[in-house]
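Before any questions on how it binds or moves, here is one chain, the form predicted on its own, in structure tokens.
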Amino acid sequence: MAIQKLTKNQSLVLDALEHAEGPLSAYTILDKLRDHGFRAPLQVYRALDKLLEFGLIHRLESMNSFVACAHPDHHHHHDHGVTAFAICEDCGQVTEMHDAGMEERLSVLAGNQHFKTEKTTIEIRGHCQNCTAE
């Protein structure tokens, strides 16, 4: 996939996610960007849809929120690969992880069921090192 030129709204949404302390919902993004001319949720959702398509952000399904991709230069992994997220229940920290072995194993499992995988996202919830040390 070629490098995409982002629109102003896409750049603003991406910047908000890159500078966030944790995952953000679309409405939180809207609130953060009101001073930049955002007025309607649709503006945010359109930008989010394109950023997802470009592999620059991820949607955390269980939280209905979004995070900037930790490896945007490797967006080709997001087309069909497995992305796992460790989500801390205490502080909300999200860590993005990729593992070729896990990806291969899940591919075999799906293939054994004659299932064609389009996207796999794994969300692991627990407690990060900082929160368990306290």
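Note that the structure is a prediction, hence the values are computed from the model and not measured. So that there is no doubt, residue numbering starts at 1 and follows the sequence shown.
Keep in mind that the form predicted together with the DNA is not shown, yet the notes after this line are about it.
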{"query": "41, 46 and 50 each touching the DNA in the model of the complex (heavy atom, 4.5 Å)", "finding": "yes"}
{"query": "Residue 130: touches the DNA in the model of the complex, heavy atom cutoff 4.5 angstroms", "finding": "no"}
{"query": "Residue 59 within 4.5 Å of the DNA in the model of the complex, heavy atoms", "finding": "yes"}
{"query": "Contact label in the model of the complex: residue 64 to the DNA, heavy atom within 4.5 Å", "finding": "yes"}
{"query": "Any non-hydrogen atom of residue 117 within 4.5 angstroms of the DNA in the model of the complex", "finding": "no"}
